[in-house]
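The chain below stands alone, shown as structure tokens; this is the form predicted on its own.
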């Protein structure tokens, strides 16, 4: 039999270190230079190994920071409307929210259609980055009908969540989810600390109360750190 390619030997060795708990979730992986020295391979081969481990969800590569053993992948049910903060806290982890935008805007054609309002109508807009144990997990781009939730922009979303505000003001009676994979642009890749070849999982959500659209949101997730699972009957 032909000998196994060297990159596969190194890949299997590192995967075994993770599976046996010698490299624990959240710990730093050997760098490219360390792998080169340890195994006597080229830097290109070392980069290939780490890229494959990232594609397999074994590690997370954070640009400018390093490569880390991935936490067990986060699961969410596709038919549940639940706060990302609640999901994170239910795992016993720390949730943090960074407010990137909080503004009143005029609805363009796309958001007007999704929110059920005329083009040019006023909408509340929030852009929030949610982190789990300091690692970016979700970018939440949300538009809210101000006629239904007039005080939306007055809330401190580092202390509460849009989900909690909306549930108090206009309890959900109906919801719609669309799920797709998207390739992030440079800005989104930077916010979610994604590798160059890593995709995003996008959940497009709309919620209704009393027959009117309350909120429409694009929820972008790091593809290697989040997935939707569910059982149906």
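Note that the rigid core is defined as the largest set of C-alphas that superpose within 1.5 Å between two forms. No experiment lies behind these values; they were computed from the predicted model shown. Positions refer to the first chain, counted from 1.
A second form of this protein, the form predicted in complex with the DNA, is not displayed here; the remarks below concern that form.
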> Pick from 62, 55, 175, 167: which has a non-hydrogen atom within 4.5 Å of the DNA in the predicted bound form?
Replying inline: 62
> Could you tell me if residue 201 has a non-hydrogen atom within 4.5 Å of the DNA in the predicted bound form?
Replying inline: no
> Can residue 44 be called a contact residue for the DNA in the predicted bound form at 4.5 Å between heavy atoms?
Replying inline: yes
> Would residue 26 count as a contact of the DNA in the predicted bound form, using a 4.5 angstroms cut-off between non-hydrogen atoms?
Replying inline: no
> Though only this chain appears here, would residue 48 touch the DNA in the predicted bound form if you measure heavy atom gaps against 4.5 Å?
Replying inline: yes
>> Rigid core aligned, does the Cα position of residue 10 differ by 2 Å or more between this form and the one not shown?
In response: yes
> Under a superposition restricted to the rigid core, does residue 164 display a Cα displacement of 2 angstroms or more between this form and the one not shown?
Replying inline: no
> Comparing between this form and the one not shown on the rigid core: C-alpha of residue 35 shifted by 2 Å or more?
Replying inline: yes
> in the predicted bound form, do the Cα atoms of residue 183 and residue 48 sit closer or farther apart than here, given a shift of 3 Å or more?
Replying inline: farther
> Between residue 88 and residue 52, does the Cα distance in the predicted bound form come out closer or farther than in this form, changing by 3 Å or more?
Replying inline: closer
